[in-house]
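The chain below stands alone and is given as C-alpha cells, in the form predicted on its own.
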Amino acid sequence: MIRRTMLVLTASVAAFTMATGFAVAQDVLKLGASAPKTGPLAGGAAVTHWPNIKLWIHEVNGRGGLKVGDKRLKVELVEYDDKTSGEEAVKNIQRLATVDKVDFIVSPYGTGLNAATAPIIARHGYPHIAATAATDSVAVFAKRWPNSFWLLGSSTQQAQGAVAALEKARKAGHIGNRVAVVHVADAFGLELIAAGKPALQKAGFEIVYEANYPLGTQDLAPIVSQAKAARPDAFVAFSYPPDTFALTEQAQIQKLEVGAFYVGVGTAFPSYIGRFKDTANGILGIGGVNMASKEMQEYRRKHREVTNAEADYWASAMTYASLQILEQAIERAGTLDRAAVIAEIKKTPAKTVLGELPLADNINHRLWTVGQWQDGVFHGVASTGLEGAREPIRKPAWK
C-alpha cells in the first residue's frame, strides 16, 4: 500500500508538471561539505573550517534564507569526513554531486585536499573557492580548472612576506643580518624554503644555520640547539601546527634569544596564545588580521557567539569570506545555475570581512602574509594590498 501510494503521488506530481509547465518549487539550497573530522588535519579543520560553515549557515538562515531570484532558500548542509585522505575526499565529492545532488560544495580544507579534489569538482561544474590552499601552483590550477578560485595566495607570497617582516625589524634596529632557517620536509615546507632562501639572500641576510626535519618529527630539541649555537639574530621556521608548537616550546626552554622569531601554520590559532600566554608576545607567523576593521571585529564577535569558540587570526576569516563570495554571486546571478554563478564570481568583486576581493584571474592577490602577537592579538604586519598593517615589535626575552 505504501509503495502504491508513493507511485500515485509521483505520477500526480509528474502529471502536474507536464500539464502546467512548472516544476515543483525548491525551498532549500543543499550545500555539500567534505573536510577532515579525523586524521592529521582534523584539529586545524575544527578551528578554521567547520565553525565558519556553521556560522555562515546560521546567519543566512537567520535572514530568512539565501535570495535566489524572487525566492528565499534556507541552506541545508550535507557533510562528510574525508579523514584527511585525498582518496576519501574524492569519494565524498562524487557522492555529494551524484547521490546527494547538492547545489553547491564548500571547498575542502588544506592545500593537498583541494588539489586532490579539484578535477572532480571541475568535472561536475561546481564553483571551487579554495580558502585554505597556499601553493605556488595557484596560477597553473586556475588555468587548468577555470571553475576554481584560490584565495590564500602562493608559497612565494608567504615566504616573501616573512622576509619583508624581517626587513622591517632590521630597519627598526631589532635584529641584525644573521638568520637561522628550518622547514618541514614536505611539499609545503619545500615550496616555502625554495622561495624564502633566495629572498633572504637578496635582502642581504646571512643564513647562519639551515635544517629540515621529516613531517611528524616529535623531538625538535636538536634543531633548536644547533640553531642557537649559530648565534642568529632571527629564527625562521616554515612549519605545521605540531612543529610550530614544539619549536616554540624548545626555543623557550633553551632560551634561544632572538629579536625576531617566526613560525608557520598554527601561530594564528587561539590555542597558541592559550598555550604560551604572555610568552607569545612578539612572535611572528603566517597570517594576521586587521583588528582595527569594524567588519573584522563584528565577524569575530559573531563567530564567538554562534560557535562558542574563537576564530583563528588567519584562514578562519578567509573561509568565511569564501562563503560570502559564493552567497553574493548566487544572489547576483539570481539562479542556482553553476556556470552563471562562476561567471559572477569572476566579474564582480565580493565585499567580505577582509574587504573587497577581486578574482578576475581566479586568484586573490589581497591577503595577509605575516602576523605578530601583540598584547594578546595576532595583528597583521605584512600583506599584499591590504590596509591596517602594524609595525612589528622586537620580540622580548623568553619568560
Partner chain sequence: MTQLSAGEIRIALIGAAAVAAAAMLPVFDQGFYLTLSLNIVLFAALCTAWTLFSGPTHYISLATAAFFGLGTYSVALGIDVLPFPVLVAAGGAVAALLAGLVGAATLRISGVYFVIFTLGLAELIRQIVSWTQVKLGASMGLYVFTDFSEAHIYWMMLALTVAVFATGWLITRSRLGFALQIIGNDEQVARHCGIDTARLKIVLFMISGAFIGMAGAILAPRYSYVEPPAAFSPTVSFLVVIMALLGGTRRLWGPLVGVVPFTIVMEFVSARFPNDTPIVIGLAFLAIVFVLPDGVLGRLEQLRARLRRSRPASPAAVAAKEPA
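Residue numbers count along the first chain shown, from 1. Treat the numbers as computed from the prediction; the structure is a model and nothing was measured.
The same protein also exists as the form predicted together with the partner chain; that form is not shown, yet it is the one meant from here on.
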Check your understanding: Any of the heavy atoms of Q94 lying within 4.5 Å of the partner chain in the model of the complex?
Key -> yes
Review point. Hey, in the model of the complex, does E87 get a heavy atom within 4.5 angstroms of the partner chain?
Key: yes
Review point. D233 near the partner chain in the model of the complex, any heavy atom under 4.5 Å?
Key: no
Exercise for review: Would you check, heavy atoms only and a 4.5 Å threshold, whether T135 touches the partner chain in the model of the complex?
Suggested key: yes
Check your understanding: Does each of K197, Q252 and F276 have at least one heavy atom within 4.5 Å of the partner chain in the model of the complex?
Key -> no
**Study point:** in the model of the complex, the one of R301, K171, R144, K294 near the partner chain [non-hydrogen atom within 4.5 angstroms]
**Key:** R144
Point to revise | Residue (of A115, V208, A122, V306) lying close to the partner chain in the model of the complex, criterion heavy atoms within 4.5 Å | key: A115
Check your understanding: Where does the partner chain sit in the model of the complex: which of 243-251, 222-230, 178-186, 311-319, heavy atoms within 4.5 Å?
Key -> 178-186
Check your understanding: Which of the residues spanning 209-238 lie within 4.5 Å of the partner chain in the model of the complex, based on heavy atoms?
Key -> N212, P214, L215
